[in-house]
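One chain follows as structure tokens, the form predicted alone.
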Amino acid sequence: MTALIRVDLDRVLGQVDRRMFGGFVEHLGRCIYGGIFDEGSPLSDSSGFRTDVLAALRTLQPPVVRWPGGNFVSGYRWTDGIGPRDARPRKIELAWGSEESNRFGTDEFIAYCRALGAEPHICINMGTGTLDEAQAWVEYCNGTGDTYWANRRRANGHAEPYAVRYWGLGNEMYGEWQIGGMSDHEYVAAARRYARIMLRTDPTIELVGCGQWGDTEWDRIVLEGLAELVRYHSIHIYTGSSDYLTNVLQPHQADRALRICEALIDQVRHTQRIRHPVGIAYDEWNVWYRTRTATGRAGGLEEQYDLSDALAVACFLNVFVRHCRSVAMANLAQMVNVIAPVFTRSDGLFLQTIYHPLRLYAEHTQAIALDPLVISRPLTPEGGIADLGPFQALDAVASRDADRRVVTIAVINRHPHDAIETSVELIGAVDQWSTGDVYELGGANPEDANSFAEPTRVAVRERSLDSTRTYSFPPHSLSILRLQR
């Protein structure tokens, strides 16, 4: 049976928020030190930024980057990371059992975001932190008056305010692993105090409440307590399995999480008559399951990704596009070395398999998400993910530009062995595409991975499409069809 993908240009899901292609960097392992920031390296610029890493990340076009954590932030005193670098204190780092030099702090993070072309998203310390520290951090970054912390910023060489728009109210405060973890009611009471003092300091900022996927009671209580004050409710999720089908299908857990969270937000906005939108910030997500090294090791969590992981990342991105009306932001955790698409050593880097879907979606997803009809053979995985189904071998999303001249279709063939011949139809176009290109990510085996020895073992092939209305999607592959009228 020939499969079918039918795209109706008038069947619109909504606008794609580019912030769903955001990133995240934490003081963990070699993400920052030896990753984006490597003082003294011949590959670094005068600011200490690795220029090869910066170039690779620019290609991913992240509109927003979250920092400094993650678990790290719940023990982080931000004032240790400003002023002359050589005068900053070196401290015990309690979240991951290492040491923190504080040589990369707020000013360096803002400079990195500016070099990357991204907006900064700062998560505050609600573990060991205080209201005064949170207020001062906002004033340091955004203050315009003749006040102490605004003047401290100026004295550190930054005359103009940073205008940091996004501020997270703590990280995973529900967790026993989190320094200063709280119950749901304790978190709401504390977060309301933090939110009010931060908004009084700068009423233009937008706050992110700390959600917990998997515990609807936490999310309900937090939304009921914070929805009037926040603009985003966060979800964190990681998936992964050594079983191929489980690995590439598990990201549908994100689809379930979004449906539940959307309903909770709708209910709270209705009962409290909240007029402003409350979006979902998926501000930590990724595939992560093999590498869970002990704390205190500098190279902790350096996951090595294969092709199946890249397909799982593409599935996450498909879920975000389908939920474009609620996903206001998403931040891949993390960007360099630690469960990351870019992997470095002292003399260079290579791009992991998951780098390629991130690049392709950032480059080719159009402004308006469409709702395609997809009919293909079923997949019947075994184990604990059957309740997420039913599943099809083909998972596809589509988008177009406002002028209806460019249509892109992102298709994952998750079948482990078989190519799938597919009829591709456009409805609402004057004619079928006149020109087209395909960007195909695949390999001989789902276990194929890149490395310093074989940096392009899994890579993107680009070629032109002919005028045929069918396409054969290879097994275990991602294909981006870009069609122009």
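Just count from 1 along the sequence shown to find any residue number. All values derive from a computational prediction rather than experimental measurement.
The following text describes the form predicted in complex with a small molecule, which does not appear among the structures shown.
Contact annotation for the candidate site: 26, 284 and 333 all lie close to the small molecule in the predicted complex (heavy atom within 4.5 Å). Put simply, residue 71 is close to the small molecule in the predicted complex: some heavy atom of it is within 4.5 Å. Among residues of the shown chain, residue 148 is not one whose heavy atoms approach the small molecule to within 4.5 Å in the predicted complex. Shown alone here, residue 339 lies within 4.5 Å of the small molecule in the predicted complex, counting heavy atoms only. In the predicted complex, the small molecule sits beyond 4.5 Å of every heavy atom of residue 353.
Between the small molecule and the residues 139, 306, 303, 172, the one pair within 4.5 Å by heavy atoms in the predicted complex involves 172. Exactly one listed residue, out of 162, 109, 244, 96, brings a non-hydrogen atom to within 4.5 Å of the small molecule in the predicted complex: 96. Of the stretches 396-404, 374-382, 235-243, 79-87, only 235-243 has residues with a heavy atom within 4.5 Å of the small molecule in the predicted complex.
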